[in-house]
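As structure tokens, the next two blocks hold two forms of the same chain, structure 1 and structure 2.
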Structure 1
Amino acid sequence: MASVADNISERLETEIVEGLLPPGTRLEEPALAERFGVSRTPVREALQRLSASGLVELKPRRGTQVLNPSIGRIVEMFEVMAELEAVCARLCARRADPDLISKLKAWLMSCETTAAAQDVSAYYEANRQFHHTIYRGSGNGFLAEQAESLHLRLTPFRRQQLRVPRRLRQSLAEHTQVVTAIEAGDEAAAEAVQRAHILIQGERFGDFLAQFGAGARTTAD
């Protein structure tokens, strides 16, 4: 059931970000269940995930409505995400043990495999696990919680920027640099490359919007 909800969530996420489901659109569970040929349970779960990402608003007894994300707000979130991840990477380089390095390399290999297959969905999942391993590897539980929370909010935009041409390969190269710095215990390098890795995601998301002309429907700060 979870994988069905994942697929529905990703389909709706893409349609919202690309502007196919404009702000104010009502998303009704029965209609979506019929569209995707499933029961209402995975549809409800998918809508809850979109709500957690800030793409829709769940209104009691009034259904679900697509929200209007602000480009300025998204950029601000990526800036904060970059700083949180930079600190995580720095602490990870300071505290990493052989087990953590092994886990990072395993997820890096998964990223390499899925990038070679040009499978954006599978790459994103390996990418998510890679980043969460760094969060937990920081050894700071509160920091990891904050990073994971904001990562969840940015999920739609982090995933969609991977659809920009050649972004998968570039992302993979950036991951490799991060692992190299962490394994070497180079705190400054780990912090710098991780910060740059996240900031460029915000830039690539802008490129993605430009491809589909979605930028015209978003509000500016």
Structure 2
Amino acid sequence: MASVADNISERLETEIVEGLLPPGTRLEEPALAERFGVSRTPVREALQRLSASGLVELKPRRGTQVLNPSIGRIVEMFEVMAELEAVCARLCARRADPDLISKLKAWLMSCETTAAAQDVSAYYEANRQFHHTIYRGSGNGFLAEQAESLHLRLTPFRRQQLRVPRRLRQSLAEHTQVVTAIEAGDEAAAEAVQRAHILIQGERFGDFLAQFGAGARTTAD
């Protein structure tokens, strides 16, 4: 089934997303090849794919490194994410599928319990599932894929979010509002709430970096 290149691509992806390979890390093909016990060929293919999915940067003749976007760039990406999520929420509200709503409520509760239990990684997973349910609930598979892709791409930068005081509590409240709007079939409200929900993340990200040394992890704008 899965080729060697696929495995390497996946492993590198998770390591980047989980922060083990922070932005700016150089990825040298011979080193990776030796580490995974394979030749450079599949390593190169894996890097090509990661480059395409936007997780690494592949400069010609100058090697590849984990993408290290400027602050402004990250904010732009959060803006687009906000719009994609807003569209998904609107389409969810348009359908207002009872099955979908029950799933949303289940993940919402899962978010609350994991948050109460201070289980950070479990909360991340529940939160991810909540948002993915909205993506899929849009009824547009292509839209869902795009949203999932960008969501993944932003994960390394969203990780710093919850350090912001009270953000988690507010985030949960926003989730509830979105579900309410979707259940009511209120397209405009669902869209607006979800857009704001994500946009705040981008703003908080900027605040966070402004507070704790901006240049530490991303290049200055």
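Just so we're clear, the structure is a prediction, and the values are computed from it rather than from any experiment. Note that the rigid core is defined as the largest set of C-alphas that superpose within 1.5 Å between two forms. The first residue in the sequence of structure 1 is number 1, and each one after it adds one.
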Checklist entry - Form predicted alone, is that 1 or 2? => result 1
Item to check | Of 193, 100, 108, 67, the position at the hinge that separates the two rigid parts moving between the two structures | outcome: 67
Checklist entry - Treating the chain as two rigid parts, what rotation angle in degrees relates the smaller part to the larger between the two structures? => result 49
Checklist entry - If you line up the core, how far does the Cα of residue 118 move between the two structures, in Å? => result 2.4
Checklist entry - How much does the C-alpha of residue 21 move between the two structures, in Å, given a rigid core overlay? => result 8.4
